[in-house]
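Just the one chain here, the form predicted alone, laid out as structure tokens.
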Amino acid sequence: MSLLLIDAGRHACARLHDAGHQAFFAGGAVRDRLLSRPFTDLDIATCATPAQVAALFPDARTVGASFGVVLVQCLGVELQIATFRSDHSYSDHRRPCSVTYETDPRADVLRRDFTINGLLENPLTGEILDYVNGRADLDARIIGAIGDPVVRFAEDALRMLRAVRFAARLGFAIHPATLAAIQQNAPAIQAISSERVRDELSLILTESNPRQGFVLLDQSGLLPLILPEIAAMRGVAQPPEYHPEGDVFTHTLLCLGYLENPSLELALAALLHDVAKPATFNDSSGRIRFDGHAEPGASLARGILTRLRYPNAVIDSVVSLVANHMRFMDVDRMGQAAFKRLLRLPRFDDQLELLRADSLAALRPLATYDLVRRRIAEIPPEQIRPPRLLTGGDLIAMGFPAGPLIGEILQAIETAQLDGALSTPDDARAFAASRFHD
């Protein structure tokens, strides 16, 4: 994808250049090219006005008229072309109240967020324009704001979360002055919409180093403002015989670190699986316990994800993962019927991966995880959800009265079927007649 984007970008820039306009690759694509990282989108910055861009690209679509942003198609690829601009005062912590189109690329760079995102590349010559020491920060592996970081974060407070995300994704440090500005201005994050915060959190959780992301959220002072329930885990002790790794916060971050290319739902479940431990902490017996923390954890998870405006389908999946994560502790004592029902849990692959990461985070052997996998291998897939032997109508035809008893009988039949005791409808009828007829 990166090579196709480059070819399309060069084609677009050549057309702009031929018409007498400056045009450069800008932002993340330049950064990632210099870091030899793949990228999936490409932005172009130019001195051409939106009208001039549209004149050169007949299929152009203006998507940000007030910000000079135009979408064009080149070689079957969609590219974003933006006119050089400078931004004026921000009143909503998100967008400038007005912009001025510029002809100088330096003016365009100075409005951007971080030095590593302020690099421009002439794709026709390979020249890199660096007005903000971005290449030095790339080499030093530093995330630093362009200009005064306090001003940058006052313009758009979401940039504080973006600093954390870039640092975690790239394995960089945040420049001390930039980190200090985040700590100073952290309360401003509360002016940002839940949706924008949610989107940054989702990227932190699913990109390459979520554990480091949450370490930085904690250090920056942002964590208690956007996820106070996670910050509350800090200092909550766990029984050392089961959790030698430390407190609940340490365990949760370790769990995130053991995930491998997680789905968003799995990453959120790993973050929230022990969210009720602070509330259920009990050491009155002289031994630390968190009895029944999975159920209140599921309720807390629903509230947190609703507050952050996640889609209902995501919320329901995460709640299920959190609610059921302790059920695996009984696998060694679980009969066939109960185990097969466990395998029917929604997103079972994610549920199993959560068990693996949770076990590793507690510095435990993967004995339970390995046992589950062995038991799964012994069960033909068709036996996990076998066809129903009888219906409620069949039971009524046998003389059983309509009502709750029908459900009880069907459940008992399914349990016997999953245990291997029943395999035909006649077996099921005989079972029902012997067990439930007076």
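Here the structure is a predicted model, which is why all the values come from computation and not from measurement. Quick note: we count residues from 1 along the sequence shown, nothing fancier.
Beyond the structure shown, there is the form predicted in complex with a small molecule, which is absent from this document and is the topic of what follows.
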4.5 angstroms heavy atom contact with the small molecule in the predicted complex for D43: yes
Partner proximity in the predicted complex: D394 to the small molecule, non-hydrogen atom cutoff 4.5 Å: no
Partner contact for H325 in the predicted complex: the small molecule, 4.5 angstroms, heavy atom: no
4.5 angstroms heavy atom contact with the small molecule in the predicted complex for F84: no
Candidate stretches 157-165, 128-136, 273-281, 228-236, one within 4.5 Å of the small molecule in the predicted complex by heavy atom: 157-165
In the predicted complex, the residue from N117, T206, T368, Q212 that sits within 4.5 Å of the small molecule by heavy atoms: N117
H243, R112, R302, R356 - the one with a heavy atom within 4.5 Å of the small molecule in the predicted complex: R112
